[in-house]
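In structure tokens, one chain follows: the form predicted on its own.
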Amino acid sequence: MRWLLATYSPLIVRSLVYMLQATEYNIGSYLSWFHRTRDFSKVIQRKSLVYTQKAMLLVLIGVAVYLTTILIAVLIALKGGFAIIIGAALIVLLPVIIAYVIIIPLIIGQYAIQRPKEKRMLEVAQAQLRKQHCRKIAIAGSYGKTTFKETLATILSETLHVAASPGNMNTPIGLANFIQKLDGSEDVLIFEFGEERVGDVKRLCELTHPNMGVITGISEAHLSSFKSIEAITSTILELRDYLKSYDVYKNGENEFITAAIPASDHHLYSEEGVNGWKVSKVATSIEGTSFVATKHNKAIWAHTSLIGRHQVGPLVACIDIADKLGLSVTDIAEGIKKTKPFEHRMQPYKLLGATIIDDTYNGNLKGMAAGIDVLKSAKANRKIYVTPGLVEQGNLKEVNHVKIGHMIADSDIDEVVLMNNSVTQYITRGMKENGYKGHTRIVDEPLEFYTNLSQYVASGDVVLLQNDWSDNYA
């Protein structure tokens, strides 16, 4: 009865507008969600609709379509005979009619207003960047971009005027907005590149004209849209192809990168070092990470609050970049001390004496493995692992989630909390296959669980929250 009410009452309008908002008004993503959804009563479980002017207008349009369709269906049915079937069909198709009609003003707005405006913005941004003869560093990859960007910006800011694209602002329009706010006095600009389809990285290169690059890693993230790991790899490597002879730092601990890059490339960074820098004395805990980096007569004792051994490779790459840009070893060490976890990326905080590690922006298998390793090595009364799994894994959805189950079982995690969805069965299968001995809890109401997390933890616990699903993937 609940699903019937959610589908054929005016509540359907709120669900549809909520999902348009959740997909950032991406019509393709919204329609994909709509056609795979069978129970609209399970929508709006993780967040709530924000009633912006655009959302309110769409709600009003949706309600008007709802009432108009019902009125037309009744008037047709009153004619009797075959008309009753037509009227009933309109009622049955009511959710589909509303779902499609409310996107018409969005489509009109995109072609008549948004696209011409965006074209002008991109032209202005390109013209502005041509006037800035500074170091422009582009960061591309399936994961780790934002943390690398923030870490590098923090270190370089010890002596240089640095501007970095904020947060997850990694689309052409996002970067154009960032560029328009520059004043021209910057020594270094750092751009984060996003990718959703083949050619995206090349287009961002043509917008920003970088003269140095970083490729943080390649994974199955966005496999649903790219269709193959080869397409993801070639797209991210568009940065290397664009920069040609310029410095491009690449994650030497990523198998997709090492398969495409010669082992002799001195810009492959890893826990062992990069470009002559050698790493030793690595130590990590939930309080942070430390190591020593040496090159010829230079030595840096690095201490950071970033968590996990997987942070060492990116940090030593940042050291080499800073060294090339003229920072002293003292300045680099001081900059590393100031680095800290970015929001929702291996970010620890305290809750009633428990340590919560918020890694909810994690969206790839490598990151999941790194987080589980951190939890495995932590000293705690109880080690609790919370995840809904990964999205956009394409035809590797089952394989990758069974692997996650294996990784959980092979650690000493005491309790696993899984958000119930389409991949839960694969994670639990992997846990069972490798003989997981701890306690497992399946949660049907994610928002309720996260809101009341304090009721589930005790002093001395370490809790890792990995990844989060928006409602369009539920």
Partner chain sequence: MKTVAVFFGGRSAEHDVSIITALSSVIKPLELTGKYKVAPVYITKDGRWYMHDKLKDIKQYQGSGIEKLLASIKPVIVDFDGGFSLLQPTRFGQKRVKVDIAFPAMHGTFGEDGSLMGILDMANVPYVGCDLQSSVVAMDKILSKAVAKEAGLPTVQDVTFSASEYRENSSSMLDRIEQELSFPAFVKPPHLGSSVGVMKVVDRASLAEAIDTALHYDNKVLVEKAVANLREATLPIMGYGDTVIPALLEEPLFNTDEFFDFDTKYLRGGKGGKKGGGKVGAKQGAQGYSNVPANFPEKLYAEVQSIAVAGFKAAGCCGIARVDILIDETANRIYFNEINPLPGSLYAHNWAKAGYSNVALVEKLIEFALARFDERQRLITTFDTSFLKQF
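The structure displayed is predicted, hence computed values, not measured ones. Residue numbers count along the first chain shown, from 1.
Beyond what is shown, the protein has a form predicted together with its partner chain; the following relates to that form.
Contact check for residue 382: a non-hydrogen atom falls within 4.5 Å of its partner chain in the predicted bound form. Using a 4.5 Å cutoff between non-hydrogen atoms, residue 36 does not count as a contact of its partner chain in the predicted bound form. Contact between residue 456 and its partner chain in the predicted bound form is found at the 4.5 Å heavy atom cutoff. Shown alone here, residue 437 lies farther than 4.5 Å from its partner chain in the predicted bound form, counting heavy atoms only. From the list 444-452, 24-32, 406-414, 37-45, the contact stretch for its partner chain in the predicted bound form under a 4.5 Å heavy atom rule is 444-452.
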